[in-house]
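Look below for two forms of one protein chain, each set out as structure tokens: first structure 1, then structure 2.
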Structure 1
Amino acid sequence: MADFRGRPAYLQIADDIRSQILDGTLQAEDRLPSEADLMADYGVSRIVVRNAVEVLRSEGLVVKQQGRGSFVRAQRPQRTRVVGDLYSERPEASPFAASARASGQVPEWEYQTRRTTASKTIADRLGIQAGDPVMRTSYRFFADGEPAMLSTSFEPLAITEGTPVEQPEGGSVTGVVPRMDAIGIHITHVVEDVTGRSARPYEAETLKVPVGVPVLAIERTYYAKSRPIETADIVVSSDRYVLSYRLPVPPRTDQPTPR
């Protein structure tokens, strides 16, 4: 192994394999050479090749499977979660929406609903007091039979208690906006705060992704005027999802557009 600039061997090997992945020499789903092969190829010990592959795994380029080998991970996420003006005039918009419906998007999910009390965090987001009663609903969404999205939502019971839409699911109307419409509350806007982080063990297990892959965590709140109506924590694997936001740009603004 040529020792270039004293740069650690495992990083050089990682660089080498990475460029093979990026330039297409190694394609998605291809198996990497086994650890034994790499040891022989580069003339290093096993720990070096393991470190090298671990770097690539941590970058999300490679997945490892005990007993089978290490594989180049498919890079492109397939599904798009669209938020915004679905009826945009943009012609490219329709393929997305169409594919979302076409690719087996039978609304497939399971949920668990229960009454509970608001934690401080949730209370802040809903503009209520910690300890106030809320309806908590956990969803697990599936796509092609695979778990694809996790969501936990909270609604203040002060709003829905005693109404026909107290239960988020099971009634004749579903979806926050129509449900609230049904009791005379008209959602005016939604805020989604998006962060990226590595999957927690629970999420990795539930979403069936390798530990450490990046996920997108969305903190979503629906508002009627300035009043928070519902808030939810949503987690999707960034492997499988692109979040697509489509926003109108109001004409004649003095405000500099955020870059």
Structure 2
Amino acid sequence: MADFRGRPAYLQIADDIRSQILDGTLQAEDRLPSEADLMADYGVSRIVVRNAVEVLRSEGLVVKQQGRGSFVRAQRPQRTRVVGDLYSERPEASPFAASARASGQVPEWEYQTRRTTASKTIADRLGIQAGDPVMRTSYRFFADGEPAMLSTSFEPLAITEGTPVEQPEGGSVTGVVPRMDAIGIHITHVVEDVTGRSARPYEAETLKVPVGVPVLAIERTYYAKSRPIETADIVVSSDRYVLSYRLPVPPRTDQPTPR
């Protein structure tokens, strides 16, 4: 029988099982001991055992299967979004497509585009007035047939209206950078702000985000010098996407004199 003086018993049990998962004693898809076995092992009540397992489930470490018990959740293969590589060369297509192909995956996406007006939040990001017309496009991206990313983008119609690229997916050129190049607007830099948060119900359902697994929310804005050209809200599940940054470091300016 365990000694549970100090922290609540269910947290200490969760700590013990978590350690077994992280050190590989319990591996992906292994079944956790039954409630009866855990009660006997730790000398606690059923409610204490259930609370401990719920902690692990909320952390995304275990999943419950009706009638079968609780299992160590299998980790999905993580896809790497190499931000430095995405923008180190001028894109010729969408960054998602380039990233997926670089990882040996087949990219696909579905989208819906409509004209609307800018909310205050979007207007502030685009440097326009609330209520100004924008083109809004909602995307769901897939890699090898699995949902990988959600994105909602906004472009001021003051820039694209009446041009061949007014519809983001309606012409022969896709991707913000090549589309803007086509109308003489040249993207100079991209700003991405990344935060972690809980998945919203629609995101969890659409991206198949397990309980307890956070999402990465990326607020991305393309600029032509100081002028915002497009802004987007991007969401990916953190259990299958790694943001890997490889950024150049300027060379030294005080090189030593050769001997």
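Computed from a predicted structure; not experimentally measured. Just so we're on the same page, rigid core means the largest C-alpha set that superposes within 1.5 Å between forms. By convention here, residues take numbers in order along the sequence of structure 1, the first being 1.
Between the two isolated copies of the chain, the second is the form predicted alone.
Core-superposed comparison between structures 1 and 2: the C-alpha position of Gly43 differs by no less than 2 Å. A displacement of 2 angstroms or greater separates the C-alpha positions of Val63 between structures 1 and 2, with the rigid core held in common. Remark: with the core as the superposition reference, the CA shift of Thr221 between structures 1 and 2 stays below 2 Å. Once the two forms are overlaid on the core, Ser34 shows a Cα shift of 3.0 Å between structures 1 and 2.
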